[in-house]
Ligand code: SAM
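Below you will find one chain, with nothing else, as structure tokens; this is the form predicted on its own, and questions on how it binds or moves follow later.
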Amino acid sequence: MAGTAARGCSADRVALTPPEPPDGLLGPAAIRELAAELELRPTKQLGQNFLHDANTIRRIVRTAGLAPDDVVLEVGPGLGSLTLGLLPASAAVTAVEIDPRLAARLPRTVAERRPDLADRLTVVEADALRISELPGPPPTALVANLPYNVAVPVLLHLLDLLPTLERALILVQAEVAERLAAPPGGGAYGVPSVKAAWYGEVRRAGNVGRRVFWPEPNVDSGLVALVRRPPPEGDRRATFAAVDAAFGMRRKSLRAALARWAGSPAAAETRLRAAGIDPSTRGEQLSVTDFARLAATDEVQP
């Protein structure tokens, strides 16, 4: 009887272990095995929360709307969960990984699980915030599970660096997703909203719960999609300087908030009126086009 009971318990444990996905994607067991092999302890500093749910991976790839000739840029591939989903849907994937252990292991993971696609992968060991160029064909799409603490700077840096990026789909903290996609006039609208809008049309593309990650974060996540369009007329740096100034004191009127930027409150009012903007309004009421028009007005000395 004891032996039968023991065999029954063992069978129950096996039944409770989720089967490996049939298409080579990484499931929870494979994620933990890879982490143990690398003696990897995910760190908050690097924002390491690894996707382990195959259905979420498939959903992200489907939402990205990739074409067979797309060259995908992935930032922070980690153990390769999303990479394995992107490879069959694109012509090539360039993965930028800051952790040397993960960067070294990724090509072998792909070769083991999808040897037919291994030649589509290029791994770059680098900090995405510091790269100035990438090997291979220019990327056309950014698809990434971005570390929460650097998501916005990474997105803006890559959009500025790589004009060939036609679209992006990023997985970020839910609060960051809300800010990036916020329209003018709301409390979530701010610097990330305006600067992302410089590069394209931004929208929320869905919610992602915390249970699909290992380790499980203490916040939910969201997908943000961006489709590039021509920027507003004007200078990007000058426009972004005006945006930073306006939201540096977002509770104040633009006349007051832009005083240092323009040289004085009177100079700020002159520039605002020249741009057709009411000096008593606040920065959260302005679109990216409004900011570009404001930055293009002639400087007025105090």
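Just count from 1 along the sequence shown to find any residue number. Fair warning: this is a prediction, and the values are worked out from it, not measured in the lab.
The same protein also exists as the form predicted together with the named molecule; that form is not shown, yet it is the one meant from here on.
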In the predicted complex, which of 108-116, 192-200, 68-76, 174-182 comes within 4.5 Å of the named molecule (heavy atoms)? 68-76
Answer with one of V208, V123, L146, L226: the residue that has a non-hydrogen atom within 4.5 Å of the named molecule in the predicted complex. L146
Pick from L51, V243, A257, I277: which has a non-hydrogen atom within 4.5 Å of the named molecule in the predicted complex? L51
is_contact(L102, the named molecule) in the predicted complex, heavy atom dist at most 4.5 Å: yes
Does the named molecule come within 4.5 Å of any heavy atom of D220 in the predicted complex? no
Give a yes/no on whether A91 approaches the named molecule to within 4.5 Å in the predicted complex, heavy atoms considered. no
When the contact criterion is heavy atoms within 4.5 Å, does A128 count as touching the named molecule in the predicted complex? yes
Hey, which residues along 96-113 are within 4.5 angstroms of the named molecule in the predicted complex, non-hydrogen atoms only? V96, E97, I98, D99, L102
